[in-house]
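Just so you know, structure 1 and structure 2 below are the same protein chain in two forms, each on its own as structure tokens.
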Structure 1
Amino acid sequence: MNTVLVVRSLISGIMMGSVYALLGVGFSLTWGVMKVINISHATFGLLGAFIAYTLLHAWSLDPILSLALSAPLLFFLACLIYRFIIVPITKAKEVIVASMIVTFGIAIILENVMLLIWSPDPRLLTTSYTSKVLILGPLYFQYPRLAGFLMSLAGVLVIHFFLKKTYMGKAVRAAWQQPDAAQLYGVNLQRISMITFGLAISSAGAGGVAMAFLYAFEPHTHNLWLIYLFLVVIVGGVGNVLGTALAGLIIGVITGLSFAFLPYQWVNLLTFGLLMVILVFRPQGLFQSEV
């Protein structure tokens, strides 16, 4: 067996999967907690990437630092969207369905606004550490991937901690399981939902930057990202933040291993096929849904 190939593919795959997870947690949060399937989630991620790109070129600001600027911006944008678009649809009989249609609209609008602002040219986030490598014995860690991995780790832990350990996070979960009762115990539904939505979209911004470390992006790229998002979130169990993270790693491992053992032509097919098999045997996702 080709150990080097296996190990390197695996590391590379895992880091890649962790980035999907970062993009996925916020999606999982709005879906699991708020019953909003946010089709535009990846689009906001992409917006984060474009902002990082612009700041990098204008002020040589490191993409990770640019989050300090884009995260509040995305948060604010999310609050507006929540107030004016999401609130009205919570009246729908099937919020999930209505939310999908509405956020599909948002995605289209945002994509084309980005097209107008940034043109359709593909972009890359190139920093001083783009092609640096950390070599530990036989192991290679590419810096951008490592950065994505660490960002992901931080993001996932923050959101997990928020939901599980803080009162506000618990209120978020409670509010969407049983909105009436949550209000009866003093939870301000609107405020809490707005914060959740804002948090989710901000985390998408971070996810977008991490994705942009790995991949070229242009205004339509969110469609591709969305598919990976869906996968990690479902396999991890909707609303389950740690599950999403693990699912990202699993998808990374599957990809990594299939690159090591299969003709490359079959890698994508195997990934989707295996995910189907996983779902058939674990119909609730690998890890239980939390909310």
Structure 2
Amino acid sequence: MNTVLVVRSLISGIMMGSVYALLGVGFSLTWGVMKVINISHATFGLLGAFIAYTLLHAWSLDPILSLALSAPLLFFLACLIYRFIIVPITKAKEVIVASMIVTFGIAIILENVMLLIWSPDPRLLTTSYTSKVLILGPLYFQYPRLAGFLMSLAGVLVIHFFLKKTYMGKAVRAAWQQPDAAQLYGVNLQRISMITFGLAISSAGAGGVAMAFLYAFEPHTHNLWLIYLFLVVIVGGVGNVLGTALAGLIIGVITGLSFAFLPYQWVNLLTFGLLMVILVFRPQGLFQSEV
């Protein structure tokens, strides 16, 4: 067995998995805190990637710096969607089913808007450092992959710090664990849910930019991303930020190693076979909820 190939595949999988983690944490939060399965989550991530692509080509703004514009924009858009679309469906008898149907509609609308604005052609984030490589002995690291990895790592840590160390984050955790008791202590559940939804969508935008550093994207790409979102959240446990991060790394490593040693058509079989095994033997996920 080629040791260098194994190490390279392992590192590639870790970088890939970190991006899955950043995309997944917001999806996990809205599912855990609000009981809303947001099918459009990956679509907002893709929208963040397209915004970064546009700002890069229009103003030569680095994709990472573009988050200073796209994250607040997505947060504001998410708050509007929450206020006028999500709040009414939270009163439905089956909130999860209703949320899946409604957010699927949002995903279709956003996909068609992106098709109209950016066309169905695949796009790639091409920056001044796209072709640069960091070489450490037999290992090499492409700068865009490093940027996506570091951005994802920072994003997950920021969300974890927010939930653990800030008053608002503790209120989010209280709303998830004991909503009635939280209300008695003055926690406004509607406000907390809106902030959670906005934070989730903003993190999706950042995850979309990180994913665009790794792969080409077009308006239909969110469908593939959504599959991995479900996989990461189910493996990591709904509402568990660090569990989702670890699940992203696990799935990334498995996928990276699989690409190195298995034919392409076997990779998805192995990955989703893992999901089936976990659902059978540990349907609550590998890690307990921490929110």
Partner chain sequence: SNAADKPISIGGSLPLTGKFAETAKWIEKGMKFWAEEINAKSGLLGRKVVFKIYDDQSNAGKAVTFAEKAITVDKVDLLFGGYPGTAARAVMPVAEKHKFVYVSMGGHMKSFQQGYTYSFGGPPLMGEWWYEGFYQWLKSLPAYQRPKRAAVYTMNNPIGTSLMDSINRMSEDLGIELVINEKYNLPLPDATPFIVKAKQMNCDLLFSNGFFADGVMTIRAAKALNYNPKAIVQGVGSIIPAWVKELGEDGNYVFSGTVLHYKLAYPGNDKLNAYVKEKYNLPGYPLYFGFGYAWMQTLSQGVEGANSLNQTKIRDWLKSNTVQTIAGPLIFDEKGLPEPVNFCTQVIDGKVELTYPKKVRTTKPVYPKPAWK
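C-alpha atoms forming the largest set that superposes within 1.5 Å between two forms make up the rigid core. It should be emphasised that the depicted structure is a prediction, and the values quoted were computed from it without experimental measurement. Counting starts at 1 with the first residue of structure 1 and goes up one by one along its sequence.
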item	value
Identity of the form predicted in complex with the partner chain, given as 1 or 2	1
Core-superposed C-alpha of residue 239 shifting 2 Å or more between structures 1 and 2	no
Core-superposed comparison between structures 1 and 2, residue 275 Cα displacement 2 Å or beyond	yes
Residue 55 C-alpha moves between structures 1 and 2 by 2 Å or more, core aligned	no
Inter-form CA displacement between structures 1 and 2 at residue 261 - rigid core frame, Å	3.5
